[in-house]
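Form predicted on its own, single chain, as structure tokens, below.
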Amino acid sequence: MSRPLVPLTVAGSDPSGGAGIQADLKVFLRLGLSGAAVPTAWTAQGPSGVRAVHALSGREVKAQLDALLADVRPAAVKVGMLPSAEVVRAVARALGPLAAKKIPIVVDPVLATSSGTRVLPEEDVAVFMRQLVPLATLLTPNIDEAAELSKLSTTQVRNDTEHVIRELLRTGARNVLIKGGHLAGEEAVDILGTREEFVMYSLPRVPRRRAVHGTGCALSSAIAALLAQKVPLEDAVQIAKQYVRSAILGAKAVGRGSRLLDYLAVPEGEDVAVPDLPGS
């Protein structure tokens, strides 16, 4: 019997289950894979927002990764919240050998929470860019994150996205997906830049009701799960984007704050096997 494909998420813990490693594991399972998870920080949060972030030390994150990777070779890795340069270095050292073996690594640069709480200190971003980004098969910043990582303005990101992507590709990432979901307009447009081309993904925007938490986590972890199954990158982005849109359409309120994504949603037009789960 062949060994099962195991995607790995390295990210913060969200006790509400709306984002972080809890959300990533749900996405992995929805797309047919049972994943592994290494938390980098504990957060005190609920649907109404983040109250506190407690960063784990680089030593604590390293110990988890060392124990896991001694036994398990992940089929893909999603990297989310990294709360310090020390943790960035620990993760980069652990993932370096995986990147050398062409294992897909999707890096979602969580610099601040959606409620505005700073996660990775500004002075540590240079370490993130120097040590982790060059390992990324795909870097998935939103507009604000792309501006900070490229040291350009959000206006430049909006008006000349392809230039910003080229700047980020020069830092070492093999591919860059700039998420435009926070922009205004009837279409939610993301742009993927590779070394050869630019690809635009556009889907009708879901009408805004109450805010939805964890869309960026869901998108990046869905892409990682699909790459683990050898789905080509451009197709993986399209399927993941369709999945997140379906999950937003089915989102439900579980508290007084943001709605929770429908993680059992079925990607529209999917071309990969998804297990039959209750509610699908």
Ligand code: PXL
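Start at 1 and count along the sequence shown; that's the residue number. What you see is a predicted model; the values in this text were computed from it and never measured.
Quick note: we don't show the form predicted together with the named molecule, though the next part is all about it.
The single contact residue among Thr154, Thr194, Thr161, Ser114, judged by any heavy atom lying within 4.5 Å of the named molecule in the predicted complex, is Ser114. Though the named molecule is absent from this view, in the predicted complex it lies within 4.5 Å of a heavy atom of just one residue from Val50, Leu233, Ala37, Leu68, which is Val50. The named molecule is not shown here, and in the predicted complex it never comes within 4.5 Å of any heavy atom of Leu261.
Using a 4.5 angstroms threshold between heavy atoms, Ile165 stays clear of the named molecule in the predicted complex. Leu132 falls outside the set of residues with a heavy atom inside 4.5 Å of the named molecule in the predicted complex. The named molecule in the predicted complex is not approached by Val87, whose heavy atoms all lie more than 4.5 angstroms from it. With the named molecule omitted here, the record of contacts in the predicted complex names 40 to 48 of 58 to 66, 223 to 231, 245 to 253, 40 to 48, defined by a heavy atom within 4.5 Å.
Heavy atoms closer than or equal to 4.5 Å to the named molecule in the predicted complex belong, across 211 to 234, to the residues His213, Gly214, Cys217, ordered by sequence position.
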